[in-house]
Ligand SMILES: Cc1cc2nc3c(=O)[nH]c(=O)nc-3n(C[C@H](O)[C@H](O)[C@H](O)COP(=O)(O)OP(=O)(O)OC[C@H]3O[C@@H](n4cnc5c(N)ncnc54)[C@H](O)[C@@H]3O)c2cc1C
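Next comes just one chain, in structure tokens: the form predicted on its own.
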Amino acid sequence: MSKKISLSQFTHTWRELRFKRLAEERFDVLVIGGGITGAAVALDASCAGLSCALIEQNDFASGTSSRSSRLIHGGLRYLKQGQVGLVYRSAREQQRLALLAPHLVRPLNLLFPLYQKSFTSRLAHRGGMIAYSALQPFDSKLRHQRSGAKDLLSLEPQLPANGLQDGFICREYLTHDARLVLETTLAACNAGACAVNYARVMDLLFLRGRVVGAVVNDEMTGRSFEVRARVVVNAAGPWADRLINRAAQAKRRLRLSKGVHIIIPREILPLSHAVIFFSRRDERALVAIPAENFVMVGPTETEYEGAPECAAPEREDVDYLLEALRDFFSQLKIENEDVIAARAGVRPLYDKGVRAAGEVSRAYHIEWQRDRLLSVLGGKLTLHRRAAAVTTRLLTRELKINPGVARLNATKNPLPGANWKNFSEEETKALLMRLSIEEESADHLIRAYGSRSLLFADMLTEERELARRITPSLPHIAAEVPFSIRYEMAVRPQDFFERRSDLALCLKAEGETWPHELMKFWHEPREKFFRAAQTEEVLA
């Protein structure tokens, strides 16, 4: 059963109380970094009975964790590099995440067409797929399968038919990466963690050679204070080296790799399925993944030497992806101006720099840098829970705490949006429609928020006009904006438009801009939108 929370949990008042708790309480663990790794560590550690604080310098998932391909995948290409163990573990984590968050981790048919003039051997690809299938769990409901050219073309008419021999349907999963981070963070809060965004670490605290906390600045007010903890976990992703250098003046531990995706309206690239294709220039595998009314294409992979916060798509990145896209989908006329957005994410790779970035293992590396400073380095989205479990074992051993079976039971709980114990999807949809929400919008809310979509009923009881669509061409409704402020710790407009939802991209794909009238939720006094009593409770 999910822990009950106040309706006004994430108001400004709540934020003040959280910062007060950070300043006054001594935690067992302070986790620095609010991406998927930090959120998962905070959840797992809290479930083990550790008092835990989680701080993020910007918004949750504002770094690498919102710039991925969104695939929860087994890692087919890692087999070529001999990383069998990584693929084996990833296949099991896929299944686990799909059970814990079925509204966020959804089955995806990823088409892998093979052509007569393929850049690499079709035989090698077939052998790889046989091995890939063999590494799936025996009880997996999704099985990769070989498919003939005719079947592939019926599934995806946009595939080039000339030279198509056969191929595979890879059974993978697709998530909304930023929302997966958010719900993991909410689950950590429900387990007792104190999580705050826009809280920047200015320096680490030391006592007799030990790391005992950090000096933290509230980026919204400019106030600084100390957060004390028995152990500090460095889960800062590509920023991890900065913390390591502050603690130990150690040599660089990470290699940074920049990955760029371009976004194209689905009207221009009308795919019904995700497709694997290859760049003619360097034979790199790329994916085109349809999502809502746009298609994500990428990612690139290039060495990156700059500051993580300065990573940006370059013209050459966009040109590389467009070239590969035009080569493969030659029947479509895709122009430069059809690219409505490009996103760059920085992958933190743990490696000694001998191999090319694309060949570096995506496995996590967890190590003590200094007494009571534990760094979680590298990794991939699919394995975040596994990394968190290993981290918690190291923490409990260091702190001489026995988590017992409580952690095992708690970490099996579904994420907040997967709790359908009180209302079914059908009942929730019917309730939302009775509150003047159109059917398409009700389906959208359930897809995006899962069982938490029931919370919209409370908001619409207060203000029925919030049931209106933000724009006629999209299913998003006005209530999602105050919902993100009230329930999902959105502090700035981009927190909602770019991470709590895909609305920024959806509007661009429709040729529209952010509606001016929605800005009132950020500029008017927040108390207007938080009239719910502190004592009223709902399930998270």
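All figures in this text were calculated on a predicted structure; none of them were measured in a lab. Counting begins at 1, following the sequence as shown.
Form predicted in complex with the named molecule: not shown, discussed below.
**Student:** For the ligand-free chain shown, place the named molecule by superposition of the C-alphas around its site using the coordinates in the predicted bound form, and mark the site blocked if 3 or more ligand atoms sit within 2.4 Å of backbone or C-beta atoms, otherwise open.
**Tutor:** With the named molecule superposed from its pose in the predicted bound form, the site reads as open.
**Student:** Within 4.5 Å of the named molecule in the predicted bound form, do 38, 71 and 238 each have at least one heavy atom?
**Tutor:** Yes.
**Student:** Would you mind picking out the stretch of 331-339, 163-171, 421-429, 193-201 that comes within 4.5 angstroms of the named molecule in the predicted bound form, counting non-hydrogen atoms?
**Tutor:** After filtering at 4.5 Å, what remains is 193-201.
**Student:** Is it the case that residue 382, even though its partner is missing from this view, gets within 4.5 Å of the named molecule in the predicted bound form, heavy atoms only?
**Tutor:** Within the cut-off, so yes.
**Student:** Is there a non-hydrogen atom of residue 46 within 4.5 angstroms of a non-hydrogen atom of the named molecule in the predicted bound form?
**Tutor:** Outside the cut-off, so no.
**Student:** Closest heavy atom of residue 67 to the named molecule in the predicted bound form, within 4.5 Å or not?
**Tutor:** Taking the distances in the predicted bound form, the answer for residue 67 is yes, it comes within 4.5 Å of the named molecule.
**Student:** Given that the partner is absent here, does residue 509 sit within 4.5 Å of the named molecule in the predicted bound form, heavy atoms only?
**Tutor:** Residue 509: no, not in contact with the named molecule in the predicted bound form.
**Student:** Work out which of 417, 113, 345, 213 lies within 4.5 Å of the named molecule in the predicted bound form, going by heavy atoms.
**Tutor:** Partner contact (heavy atom, 4.5 Å) among the options: 345.
**Student:** 490, 477, 29, 55: which sits within 4.5 Å of the named molecule in the predicted bound form by any heavy atom?
**Tutor:** Spelling it out, the residue with a heavy atom inside the cut-off is 55.
**Student:** For the heavy atom contacts within 4.5 Å of the named molecule in the predicted bound form, list the residues of 464-487 involved, in sequence order.
**Tutor:** Heavy-atom contacts to the named molecule in the predicted bound form: nothing from 464-487.
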